[in-house]
Ligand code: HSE
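Have a look below at one chain only, the form predicted on its own, in structure tokens format.
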Amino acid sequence: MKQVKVSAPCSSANMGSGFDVFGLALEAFHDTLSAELTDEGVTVEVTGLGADKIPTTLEKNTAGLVAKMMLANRKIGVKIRLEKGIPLKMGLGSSGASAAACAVALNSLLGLGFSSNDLVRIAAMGEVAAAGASHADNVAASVLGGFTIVQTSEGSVTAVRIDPPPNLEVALALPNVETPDNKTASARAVLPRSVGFREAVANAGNAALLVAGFHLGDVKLIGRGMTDLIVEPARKRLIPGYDLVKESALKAGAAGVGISGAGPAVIAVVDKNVVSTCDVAEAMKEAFLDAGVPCEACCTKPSFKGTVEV
């Protein structure tokens, strides 16, 4: 096999209470990546959404950095063609999806036989190119699909996948908010350096409740478990109108609402048997517009496939 093509879904990291730990793969947007073996060297070509804003040097491109690491000491090369379908700098795991796609594609193309944990670890290292640090929450969801939990210890990564309940759907609000070039680093800079005991205990309980909700297939529990007393209070100041948007989504029937990753996208989980997901999405969009923030919104579902060959 000389060439392989894969598709990787976008994702929403944190899910409120699970900062740097939880991720949910979504069907809303995908990146498509093809990898073709060459005689030597690694090259990256980018097309699609925001392609003119994405560097193609290996050290600054998440897919390129993954390819460089995976081909180290191998006497072959690869040409990466990346078609971006995931909006940039929105909090939907755009850079993570590209890294995940490259890791899965090269694993298949070269017959490396890496485990899912290996692929998540490698893809997380690729995130250094975009975020300046390794993050496994988005890439785990993009690699594996579904709802994912990651635990990192001394360079190793353990990723666990749970199927979302079939009645869980997601409303997304995508506000047009100006963000800095290194959005993730800027969003981390506002986080508290210390956390109160009460808040830490509450978040641990909420995170456990969220995992139980996915395990039991209970969307109401998942929504309750999204409550975050640590990161959201610090980051919501970066998203004009956030409180109004959250309140509007809950009034429209959302089970839970939170900032998607580092934002500014806002995610609401919905039990489709109880309320219309698109009604929740529209309520969030209108709330942003009322706050003077241009916004697009969509309703989507979890991606159960993760990164797959196409």
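Numbers follow the displayed sequence, beginning with 1. In this text the structure is predicted, and so the values were computed from the model without any measurement.
There is another form of this protein, the form predicted together with this ligand, and it is not shown here; the text below is about that form.
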Query raised in the report: Even though this ligand is not shown here, does it sit in the predicted complex so that Asn14, Phe19 and Asn138 each have a heavy atom within 4.5 Å?
Result: yes
Report summary line: Within 4.5 Å of this ligand in the predicted complex, heavy atom basis, the matching stretch of 23-31, 58-66, 260-268, 242-250 is 260-268
Report task. Answer yes if any heavy atom of Arg224 is within 4.5 Å of a heavy atom of this ligand in the predicted complex; otherwise answer no. Result -> no
Query raised in the report: Does the 4.5 Å heavy atom contact test between Arg188 and this ligand in the predicted complex come out positive?
Result: yes
Query raised in the report: Any chance Lys84 has a heavy atom within 4.5 Å of this ligand in the predicted complex?
Result: no
Query raised in the report: Can you check whether Arg121 is within 4.5 Å of this ligand in the predicted complex, heavy atom basis?
Result: no
Query - this ligand: the contacting residue among Thr184, Ser116, Asn107, Asn203 in the predicted complex [heavy atom, 4.5 Å] - result: Thr184
Query raised in the report: For the stretch 94-133, which residues lie within 4.5 Å of this ligand in the predicted complex by non-hydrogen atom distance?
Result: none
